[in-house]
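Just one chain is shown here, as structure tokens, and it is the form predicted on its own.
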């Protein structure tokens, strides 16, 4: 599992910082959080593949977080993408893309679903394709869960900003330990799809016997899954703390240094100190500061220094920074 910063600027792109976007490469798919203007250049430079199954999560409708989405979808159609895609975000996300479809001719030749999060009514509104204004279905939200697979789930929280804004948490399900192929061979199990099942901790039937991979020492004991929380834009709020509790990694906006705390409060953004305090309160293991104002183009390290006084395990986001989560 690898996290890649595709954009770390706030509002205005600068020479070394593109507008906000985070990529998470997990197994055979890509999860994107926000799509700042022209993030597709960073996407390509990071070596990410354009035809992988993809989920996109938009935090809110400010231009620096969503203006890169339609051009990216245009590019995917030009590249003859075939892999499926789902895009999650606040109400009117479908309308935003539908207007691009009607006025600019945006097409998606690949399977695509748009899922609006209706927080007020606690439901998901799902559209299939970009042509029909009629939702395919609505789904009740339970426990802030908006997406789930056999391997992970995505939860959201409404946070405090100047417009409706969501934070998201990637929560991996418990994993089994290291696979020991020699042990499988010793039991006579051929290298096949049975190995994959064993690696996932599944009990299999082989030669008329049930084989438990944990009891047989084929895989190690179960380990807790990893958790990554992305704040989006926000002022400090309890809902983020609750969502991000015990995160392995918190990616938190730090638009301002502490000297501009009043400005941050007025604009409903966070300072480096706010980010560090939030990481400490939720019991996160590591903090990444992002959404850096252009005013700190030459001295962004001041944000890092301020945060580390409160939360030492902090790093400053840089475009194309890659972090492997082991």
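Quantities reported herein were computed from a predicted structural model and do not represent experimental measurements. Numbering follows the first chain given and starts at 1.
Not pictured, yet referred to below: the form predicted in complex with a further copy of the same chain.
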{"query": "Whether 74, 95 and 99 all lie within 4.5 angstroms of a further copy of the same chain in the predicted bound form by heavy atom", "finding": "yes"}
{"query": "Contact label in the predicted bound form: residue 103 to a further copy of the same chain, heavy atom within 4.5 Å", "finding": "yes"}
{"query": "Heavy atom of residue 18 within 4.5 Å of a further copy of the same chain in the predicted bound form", "finding": "yes"}
{"query": "Any non-hydrogen atom of residue 145 within 4.5 angstroms of a further copy of the same chain in the predicted bound form", "finding": "no"}
{"query": "Partner proximity in the predicted bound form: residue 12 to a further copy of the same chain, non-hydrogen atom cutoff 4.5 Å", "finding": "yes"}
{"query": "Options 243-251, 75-83, 146-154, 171-179; stretch whose heavy atom lies within 4.5 Å of a further copy of the same chain in the predicted bound form", "finding": "75-83"}
{"query": "Candidate from 49, 27, 41, 295 lying within 4.5 Å of a further copy of the same chain in the predicted bound form - any heavy atom", "finding": "41"}
{"query": "Contact residue in the predicted bound form, chosen from 273, 67, 282, 260 - any heavy atom within 4.5 Å of a further copy of the same chain", "finding": "67"}
